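What follows is a single chain, given as structure tokens, in the form predicted on its own.
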């Protein structure tokens, strides 16, 4: 049994908390799982992450940004995602291809066909079995993210949080557009319902996937 589960959403949507809860739940059931993230997830990609999220890199052009994300993903897929799935484990990934479509395609207004093509190449055709889109208004999520960064002293990764609100609104619009096109894969969950209710919805969907996998 192997499952590739991704979590998406605007800044401050609560992805990290839900990923940790799901990992704990799966381990209690004796299911091997691994948490990873994008950009990052392996030594080389983590170095690229530092470049991408550094708020001092304001001069970075959208094309450079896009290609760096794709380069980080190519390494991440090869070093982490594919090997763990091959072992029959569950991979829980904080952002994947959908984030690039939402942030670079919709947020930066880059050509969507180009973004999707590069995504396909860098991910080697791997697609999530399910994607949880943790949705909340962009202004609410951004406020949460900035508070979190101050509390955890993560200001060194605030390049996207420093974007103006219209950018984040375009990102959210992009995510919802993806969900509308792929409703069977992308499950939209309103995070304003509270962490416990959000996790209960995630748990039920994952349980159904696990049952389906065990029957194959």
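Residue numbers count along the first chain shown, from 1. In this text the structure is predicted, and so the values were computed from the model without any measurement.
The discussion below concerns the form predicted together with thymidine-5'-phosphate (TMP), not included here.
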item	value
Residue contact check: residue 99 to thymidine-5'-phosphate (TMP) in the model of the complex, 4.5 Å heavy atom	yes
Heavy atom of residue 41 within 4.5 Å of thymidine-5'-phosphate (TMP) in the model of the complex	no
In the model of the complex, residue 188 touching thymidine-5'-phosphate (TMP) (heavy atom, 4.5 Å)	no
Contact of residue 76 with thymidine-5'-phosphate (TMP) in the model of the complex (heavy atom, 4.5 Å)	no
Joint contact, 49, 53 and 94 to thymidine-5'-phosphate (TMP) in the model of the complex, by non-hydrogen atom at 4.5 Å	yes
Among 100 to 108, 135 to 143, 120 to 128, 84 to 92, the region lying within 4.5 Å of thymidine-5'-phosphate (TMP) in the model of the complex by heavy atom distance	100 to 108
Contacts with thymidine-5'-phosphate (TMP) in the model of the complex - residues in 8 to 28 whose heavy atoms fall within 4.5 Å	11, 15
